[in-house]
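What follows is a single chain, given as structure tokens, in the form predicted on its own.
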């Protein structure tokens, strides 16, 4: 990426800092791990970490769905590849996760590049179905691949206090919230630069009508590939954060259709798929709600299997009825209505 594009993105993102809501949310985010640690509330700190992890992946997913019109339900592929890359580098080769996280993004992006060739031959719902199939294929492959532990998965080696910083191993979720914030900051700059550049304009043209874009001379395959690679890179980073935080990966967790691919898409839809910051906001609405409902309902009704999923489904139904354009999309529409009346 050109330095000029990065500087432009930083200037553009500076506009967000004029909002008192953004300042308040940022301060809460930075302070939350310290507050939760002092109060002895690791569950809530873990909620913040999970919201950040899914928010990073949802923003990456939105580059394909919201900006390019490619509806993927197979982002678990990138997530899982990122998680396994960080784990393997640390476990087998002693590579610090500080480097492994970024290597995970690169390998996930490479997988996205290779998958783009067959997947971009498909359109509409066939593309979506193919992404689900690819994610399931990856899950089965990893479940039968002995090198990555098969269905039993891999466990990060436990290290002593003198190696905690190198292997990024700390008790509780508190430090990992700051690591996720660092990754999110990088993503915000890169994605803002992409969507506010010529590339972003071409992606939105493809979303509106791919045939028209081709008629206008846009190399649609090339720009869809860019969206896939960038989206895969940051989803891979989210998977790497999962491996670092939980120190265990198995194919049924990191390639899962529901808790990975669907969660990522739902977070993006709840927040607003045609907005830049919407998927991040959606992750902070959907993930804590789902986690809280799961923890309380399962504890209260342990014999009623799946009840928490039903309740989360009802919450999503209510959101979809009242704000079908997503929370941020709704707020932007309301703000536009107020301005037009003024």
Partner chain sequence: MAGVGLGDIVASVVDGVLIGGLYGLVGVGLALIWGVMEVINFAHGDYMMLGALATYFLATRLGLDPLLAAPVAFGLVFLLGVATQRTVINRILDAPLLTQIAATFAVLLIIRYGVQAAFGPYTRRLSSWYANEIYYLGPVVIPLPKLIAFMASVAVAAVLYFFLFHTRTGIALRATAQDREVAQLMGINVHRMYELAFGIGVGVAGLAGAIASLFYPVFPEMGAFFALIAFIAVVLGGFGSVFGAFLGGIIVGVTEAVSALFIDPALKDVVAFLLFIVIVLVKPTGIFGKKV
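Heads up, when I say rigid core I mean the largest set of C-alphas that superpose within 1.5 Å between the two forms. The structure displayed is predicted, hence computed values, not measured ones. Numbering follows the first chain given and starts at 1.
Beyond the structure shown, there is the form predicted together with the partner chain, which is absent from this document and is the topic of what follows.
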Considering non-hydrogen atoms and a 4.5 Å limit, which listed residue (39, 300, 27, 317) is close to the partner chain in the predicted bound form? 317
So which of 269, 184, 88, 191 gets a non-hydrogen atom within 4.5 Å of the partner chain in the predicted bound form? 269
Among 174-182, 114-122, 236-244, 156-164, the stretch whose residues bring a heavy atom within 4.5 Å of the partner chain in the predicted bound form is 114-122
Does residue 144 reach the partner chain in the predicted bound form, with heavy atoms at most 4.5 Å apart? yes
Any non-hydrogen atom of residue 307 within 4.5 angstroms of the partner chain in the predicted bound form: yes
Residue-level contact is defined here as any heavy atom of the residue lying within 4.5 Å of the partner chain in the predicted bound form; does residue 45 satisfy this criterion? no
Should residue 212 be counted as a contact of the partner chain in the predicted bound form, where contact means heavy atoms within 4.5 Å? no
The partner chain in the predicted bound form reached by all of 275, 331 and 335, non-hydrogen atom within 4.5 Å: no
Taking heavy atoms and a 4.5 Å limit, what residues of 112-142 are near the partner chain in the predicted bound form? 118, 121, 122, 124, 125, 126, 128, 129, 130, 132, 133, 134, 136, 137, 140, 141
With a threshold of 2 Å on the C-alpha, tell me if residue 25 counts as moved between this form and the one not shown once the core is superposed. no
